[in-house]
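In the block that follows, a single chain appears as structure tokens, in the form predicted on its own.
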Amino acid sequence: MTATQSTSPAWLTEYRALAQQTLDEKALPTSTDRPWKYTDVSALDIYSLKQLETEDQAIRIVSCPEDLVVRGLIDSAHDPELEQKIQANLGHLIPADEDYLLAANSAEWTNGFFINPKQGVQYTEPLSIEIDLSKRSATIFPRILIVAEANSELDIIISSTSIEEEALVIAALELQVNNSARLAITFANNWGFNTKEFTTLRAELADNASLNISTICIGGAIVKHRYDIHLNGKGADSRVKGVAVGDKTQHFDFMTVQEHNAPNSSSDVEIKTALAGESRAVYYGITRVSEEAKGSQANQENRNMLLAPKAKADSDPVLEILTNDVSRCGHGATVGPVDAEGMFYLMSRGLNKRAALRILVGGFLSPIVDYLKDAKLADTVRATVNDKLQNASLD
């Protein structure tokens, strides 16, 4: 037990104890667990690498809007003005005993972050967070709790990088988005090739609340992101946009769950991947519309472009509609090679194969990359994708 854990409030100590008990009693998930059907973690040893003493050694705030509350979770839990808010929300959406990896995060995070946009404040500058493992091979357990107060507005950018040696990231984020609040989170991953990342994000949206999630996955050996969004308020809106560009033996796994529990709520999921070498992408999405969610609309799309014969994609979008009073609900999935006619046209205009491929892939991904609000980040993503395609294995 670390010093920070030994001085934690009683409720947090109990939460961690339950997490440790779960680690002692449960095993890693297997392919019989539906969310892990295509991603094998049976050989994962979360304690094989050195664990950082505190996440602060690898996670830093690059820029923060003035007057935004961003504090360590432990410090916040000791603050009389914040403790009740922390206790009510930490572990509410991510129980300590759900599964092995989430239990590991619950037991091992050291300080974490508490982000609390103030009621009625629209922050014009984004909060920028950097996860940097570029100088060390280690395991980290990022934990973030966000409570967006009513009528607040905030953009968050989380950028990630690491060395080419092994690294492991097991992250958990819990979001409470209150009435008419707007929250946008962008994950920009440029991990080294041997990094494994497992991130779970869960959110509850109140009346007219809005949550936008953008994910850019370029690096990493295994990257698995799961987003569970509960649209509990009338008029709540959720948008998830994701891009992955794979090469060699990279493995990307996206899972989304959109729970419509209130009238006139809306959700949209769009995941696109471009896969070279022997890389693989997995998408498993569930959209549930309850009987109470009358007048709601939902959409899921997963499009996969295979750039090499050994690349592979698995897509499984699911709709569960429990009311016949919906505005619109649909889903779609495609897996296929690069458009041969498009390649022929561009090469007939004097472009070589890779140059033509970069144009086609850029156009394929542009609806999501262009969606990014940060123009500088969007330009960086385009340049990184082009560089990767320039050297990608197409055979």
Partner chain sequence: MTTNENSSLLEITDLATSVTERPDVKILKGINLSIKPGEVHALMGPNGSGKSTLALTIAGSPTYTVDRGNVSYKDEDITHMAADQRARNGIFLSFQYPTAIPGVTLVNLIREAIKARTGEDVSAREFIAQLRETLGRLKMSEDFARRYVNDGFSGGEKKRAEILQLGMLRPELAILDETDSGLDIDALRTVAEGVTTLRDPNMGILLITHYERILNYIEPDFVHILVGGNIVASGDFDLAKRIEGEGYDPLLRELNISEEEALI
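Quick caveat: nothing in here was measured; it's all calculated off a predicted structure. Residue numbers count along the first chain shown, from 1.
This next part talks about the form predicted together with its partner chain, which is not shown.
- Only one segment in the set 25-33, 57-65, 335-343, 44-52 has residues whose heavy atoms sit within 4.5 Å of its partner chain in the predicted complex; it is 335-343.
- Proximity of Phe364 to its partner chain in the predicted complex falls within the 4.5 Å heavy atom cutoff.
- Contact between Leu360 and its partner chain in the predicted complex is found at the 4.5 Å heavy atom cutoff.
- Residue contact with its partner chain in the predicted complex: Val326 places no heavy atom within 4.5 Å of it.
- In the predicted complex, at least one heavy atom of Leu351 sits within 4.5 Å of its partner chain.
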